[in-house]
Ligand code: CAO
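This document starts with one chain, in the form predicted alone, laid out as structure tokens.
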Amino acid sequence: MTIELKLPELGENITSGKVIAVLVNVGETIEVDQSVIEVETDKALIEVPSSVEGTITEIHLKPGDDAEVGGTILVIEESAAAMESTLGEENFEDISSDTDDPADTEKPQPMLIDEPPPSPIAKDEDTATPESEPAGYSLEPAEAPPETPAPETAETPAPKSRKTPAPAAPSVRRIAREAGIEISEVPGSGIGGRISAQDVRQFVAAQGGAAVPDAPAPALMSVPVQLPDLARWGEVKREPMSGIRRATSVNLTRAWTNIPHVTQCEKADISELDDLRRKFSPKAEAAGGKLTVTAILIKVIASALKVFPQFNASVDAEAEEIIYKNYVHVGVAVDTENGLLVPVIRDADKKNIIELSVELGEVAERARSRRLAPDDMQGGSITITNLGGFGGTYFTPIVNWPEVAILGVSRARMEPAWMKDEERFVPRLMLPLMVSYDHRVIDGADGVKFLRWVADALEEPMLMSLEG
């Protein structure tokens, strides 16, 4: 049996990806769950597995091609073992019919004496088309055949309802709702019967419904800007945006356009904290992590969100509602050679600093090697972006929508600080902090209180235990 392996759903609102590598060849025998191609989406490199076992007869994609969800990747001649397994399942389903005695299925059915044979004229009337009829002829018979009552038949049992939810992304479910169809009725072409947007459109077309329009691609800018001919002033070089750069352009433009940003700055004296960090670094290294300021900040921010819940929220502008989250997932911006990625550390409030340092190292490594799944970069409560390793003093980070706040960190420096008790200046290690937030949800006073709480927690680590 020849089977077409199609590109499955790659994530919510992802309709295509660029083929980075083809991992198999024509004539090669593959197994179930064996990876066949690598596809680059906006921010992830995904290996697509095979759902069947057999021999590859055709490959429809090559590196550099744009692969559409639901499009054919390759053609497989299913193995004999897999076909026998499929036939065995079909035979089992036949045996489990409603007939108790298999011999009953061979008994001839009684003829209905009163029912005349079907009229050949009526059959021609159903199948003929105006284009196929010679000129001068009529499709109507000379005399319409008498109507015959339909034979009485047993009622067709209603199809059994699906026991499990239909495997489809929320965006696909929305398309089905807008088309007025039940998502469970749509046959899925993806792995495990997963339903794609293309499956829904084909199903609607087969039912004779109106065509479902494609979702509009997000624009890089809300107002088009005509770029001048830059080559008039000298030599230029054009390069296409990578998937990560395109996604960054869209996401940041959306955030900057829709979120009224405010950025506030503060400095934290981390002299004592840095001494503690150096003291306990061996414990983190023994556990497989690295005790960095970012790892400590994840814990501090997780505690701060409990004190300031308005920072752990999202704005539903259409419903005019604020959604407060009961979970604490902290995103961490990671600089990679391919661009900026933001993996999310789940349940940061339930993990200690050693655990967070280990997990931070793991997700950062997956980000740099392009092994993050789309879900690894979604669902954050707040984001931390630390540029201290590169230098700088202050900057204004852009909120990572749909979050409402982002914490920026710059390089710590030794600065003279006035010690009131000693009445003299003392060198102290000062850490610049910046918080940008959505002014629709967070007032300026709350922004100052939040940032000061974070600074106090860094200066007085016991504060997290007392108030966090």
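One rule holds for the numbers: they count along the sequence shown, beginning at 1. None of these values were measured; they are calculated from a predicted model.
The following text describes the form predicted in complex with the ligand, which does not appear among the structures shown.
Although the partner is absent from this view, E362 stays clear of the ligand in the predicted bound form, with no non-hydrogen atom inside 4.5 angstroms.
Contact annotation: Q198 falls outside 4.5 Å of the ligand in the predicted bound form, judged by heavy atom distances. The closest heavy atom approach of Q202 to the ligand in the predicted bound form falls outside 4.5 Å. Among heavy atoms of S410, some come within 4.5 Å of the ligand in the predicted bound form. The candidate stretches are 182 to 190, 288 to 296, 318 to 326, 234 to 242, and the one lying within 4.5 Å of the ligand in the predicted bound form by heavy atoms is 288 to 296. By the 4.5 Å heavy atom rule, the three marked residues V262, W401 and L451 all fail to count as contacting the ligand in the predicted bound form. Scanning R194, R346, R174, R368 against the ligand in the predicted bound form with a 4.5 Å heavy atom cut-off leaves one residue, R368. Residue-level contacts in the predicted bound form: of V307, V75, L340, V250, one residue has a heavy atom within 4.5 Å of the ligand, and it is L340.
Applying a 4.5 Å heavy atom cutoff to the ligand in the predicted bound form picks out no residue from 442 to 456.
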